[in-house]
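Presented as structure tokens, the chain that follows is alone, the form predicted alone.
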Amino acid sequence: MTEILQYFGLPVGISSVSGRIDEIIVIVHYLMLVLFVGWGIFFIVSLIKFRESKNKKANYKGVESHYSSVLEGAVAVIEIVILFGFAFPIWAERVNDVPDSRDAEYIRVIAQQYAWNIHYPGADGIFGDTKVELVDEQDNPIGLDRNSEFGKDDFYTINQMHIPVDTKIRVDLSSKDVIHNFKLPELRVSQDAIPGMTIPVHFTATSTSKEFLETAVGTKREGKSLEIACAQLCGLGHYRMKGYLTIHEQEDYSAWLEEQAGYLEEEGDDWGDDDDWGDDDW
């Protein structure tokens, strides 16, 4: 399967559903190849067989055989099997089996022209409030209310997403302005971020970033990190809207969270007393 996918230009799959999704991609490509070759041959045969020099007089009866109808019916049956037997079950799993925030690493991703804002709930695991009137593109792009009940330990990154390996990840995806598309090619994730909507996305990474880089040695992806791409044309700066995904071992991920908490504590000390933390700044 991996060797076949290389011909299709797909990157190495490192999520728990990569194999099933790739299976559908391979089947559909083979079907399209058969149809392309088959209809191409039919077209060429028709041009030769029904050329003017061989058919001086028009035949008003038309085609009397039903081979073409049988072939069209067979193609329709194959497409129905692919749709109901492969695509629908995976789609249902992606839509219906969204993990509860308590059973997964819970992250918010807020898209905007032209950046990915990654919001983490902090040590308490509960997101603080966000308010439109608090949005400041320079200092507070997600409008986080530090004075809300659970907002003091929240933090966010811009274009830098960190997750643990072999752990269910739930991302609540939204947009501040236009439609974007949150795409993680290696994890086979692609979901539109639509203004006014919060759409859950879930996945489980099966390899760390380090392990992925090792598999990329000798390929065009060698030395390149995992990318968060925007797969929806979202404006003149669409080409530069990309982020980076880092997949850690659980121990390293916990250390990264502690590091972010330390930075947040230092910022809080700079602002003053914890009781009115950020009153003047937010």
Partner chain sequence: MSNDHHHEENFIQKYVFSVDHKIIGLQYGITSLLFLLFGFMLMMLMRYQIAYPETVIPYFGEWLFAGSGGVMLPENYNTLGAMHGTIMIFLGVVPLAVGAFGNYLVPLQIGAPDMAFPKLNAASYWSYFVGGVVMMASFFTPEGAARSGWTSYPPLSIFESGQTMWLLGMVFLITSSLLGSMNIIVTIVQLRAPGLTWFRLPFFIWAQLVTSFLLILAFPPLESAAILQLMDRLVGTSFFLPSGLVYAGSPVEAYGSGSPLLWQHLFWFLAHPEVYVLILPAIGIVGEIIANNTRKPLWGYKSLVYAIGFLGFMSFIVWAHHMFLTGMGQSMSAFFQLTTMIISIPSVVVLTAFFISLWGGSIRFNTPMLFALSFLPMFGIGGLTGLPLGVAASDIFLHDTYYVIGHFHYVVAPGTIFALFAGIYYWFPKVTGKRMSETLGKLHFWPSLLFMNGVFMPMFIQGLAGLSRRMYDGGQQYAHASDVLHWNEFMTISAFCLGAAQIPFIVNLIISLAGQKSDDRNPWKSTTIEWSAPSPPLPHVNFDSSVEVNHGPYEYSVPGQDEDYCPQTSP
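Residue numbers count along the first chain shown, from 1. These numbers were taken from a predicted model, which means no experiment stands behind them. What we label the rigid core is the largest C-alpha set whose atoms superpose within 1.5 Å from one form to the other.
Just so you know, the form predicted in complex with the partner chain exists too; it's not on screen, but the next bit is about it.
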Query raised in the report: Using a 4.5 Å cut on heavy atoms, which of 208, 181, 117, 130 is close to the partner chain in the predicted complex?
Result: 181
Report task. Spell out, yes or no, whether the shortest heavy atom distance between residue 194 and the partner chain in the predicted complex is within 4.5 Å. Result -> yes
Query - Partner contact for residue 248 in the predicted complex: the partner chain, 4.5 angstroms, heavy atom - result: no
Query raised in the report: Using 4.5 Å between non-hydrogen atoms, is residue 177 touching the partner chain in the predicted complex?
Result: yes
Query raised in the report: Should residue 21 be counted as a contact of the partner chain in the predicted complex, where contact means heavy atoms within 4.5 Å?
Result: yes
Requested in this report: Heavy atoms, 4.5 Å, the partner chain in the predicted complex: which of 151 to 159, 134 to 142, 100 to 108, 121 to 129 makes the cut? Say which one.
Outcome: 134 to 142
Query raised in the report: Considering only 96 to 119, what residues come within 4.5 Å of the partner chain in the predicted complex, judged by heavy atoms?
Result: 96, 113
Query raised in the report: Hey, does residue 36 budge by 2 Å or more at the Cα between this form and the one not shown once the core is superposed?
Result: yes
Query raised in the report: So with the core overlaid, does the Cα of residue 45 end up 2 Å or more away between this form and the one not shown?
Result: yes
Query raised in the report: Any chance the CA of residue 240 moves 2 angstroms or more between this form and the one not shown, core superposed?
Result: no
